[in-house]
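Shown here is one chain on its own, the form predicted alone, set out as structure tokens.
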Amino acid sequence: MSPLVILNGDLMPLFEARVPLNDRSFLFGDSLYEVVATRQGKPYFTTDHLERLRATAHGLHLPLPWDNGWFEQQIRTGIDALGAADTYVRIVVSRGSGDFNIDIDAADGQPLAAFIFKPAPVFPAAQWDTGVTLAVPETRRNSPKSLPPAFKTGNYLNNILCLYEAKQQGAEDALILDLEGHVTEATTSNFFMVRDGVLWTAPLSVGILDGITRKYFLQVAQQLNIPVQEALFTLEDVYQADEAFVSSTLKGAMPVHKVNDHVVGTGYGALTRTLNEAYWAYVDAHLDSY
């Protein structure tokens, strides 16, 4: 099933889509994005994703000329056109084209919006059975006082370098530390650990994405009366964990088996599995109806 694109309102095969070479996303990484997924053919938490998209746009001083209804219509059109059982939707908004000048005022004032639709990925069974392996790269998470990691932008070089270094160590993903050595997140996922029945995740202030899946896991944990700590912790704390997992829109909770050479559990831990099942039950009860 070939991926589709809606580019500034026009539906076409992915290979036919063209973006100008003077678009600022190509020249400077001056863009933002969101990923929406479907379950049972319906997207979920779309409003949350669009609110975060608008928050990022505001932080980048990038005015959006479209309302949420327009975004929702593009998403629905592409999902229907692709016809997959479940769909991965990537929304990309560029500041638009302009002169070869980083000044925001050099942009032409016409943002570009692209929606990419392809069948949702299927993760290897081994990742669910035994968990993923993470390694800590030498490259650190950029400071929230520079380009805030809370902004979901098209500038992903920090994460790209971290992932490369982790794979060079034989791992599947990176567990990134901040400049002071605190655990932040993985390259495209938030990170959780479980110690003595308590769920731990880094605070937003350390410089992580305000993950929508992360937010709902914390909400589900509260409903299940699972103690939660949003607090700073180190790699040594992770080595002492009973369970660990990464979370994202597409993964839900995927167990972590090993960090560097330290084994963390042997697949899904009991608390991780309980949280994951409760999370997907919540998703099923809140599928978008538009």
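What you see is a predicted model, and the numbers here were worked out from it, not measured in a lab. When you see a residue number, it is the position in the sequence shown, counting from 1.
Another form, the form predicted together with a small molecule, is not on view; read the next lines as being about it.
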For the three residues 15, 87 and 118, which mark the spot I'm curious about, does each lie within 4.5 Å of the small molecule in the model of the complex through at least one heavy atom?
no
Touches the small molecule in the model of the complex: residue 218 (any heavy atom, 4.5 Å)
no
Does residue 156 make contact with the small molecule in the model of the complex, using a 4.5 Å heavy atom cut-off?
yes
Should residue 152 be counted as a contact of the small molecule in the model of the complex, where contact means heavy atoms within 4.5 Å?
yes
Quick one: is residue 173 in contact with the small molecule in the model of the complex, heavy atoms, 4.5 Å cut-off?
no
So the small molecule isn't shown here. In the model of the complex, which residue out of 46, 31, 38, 249 has a non-hydrogen atom within 4.5 Å of it?
249
Can you pick out, from 133, 97, 190, 74, the residue that has a heavy atom within 4.5 Å of the small molecule in the model of the complex?
190
Of 104 to 112, 119 to 127, 204 to 212, 76 to 84, the segment with heavy atoms within 4.5 Å of the small molecule in the model of the complex is residues 204 to 212
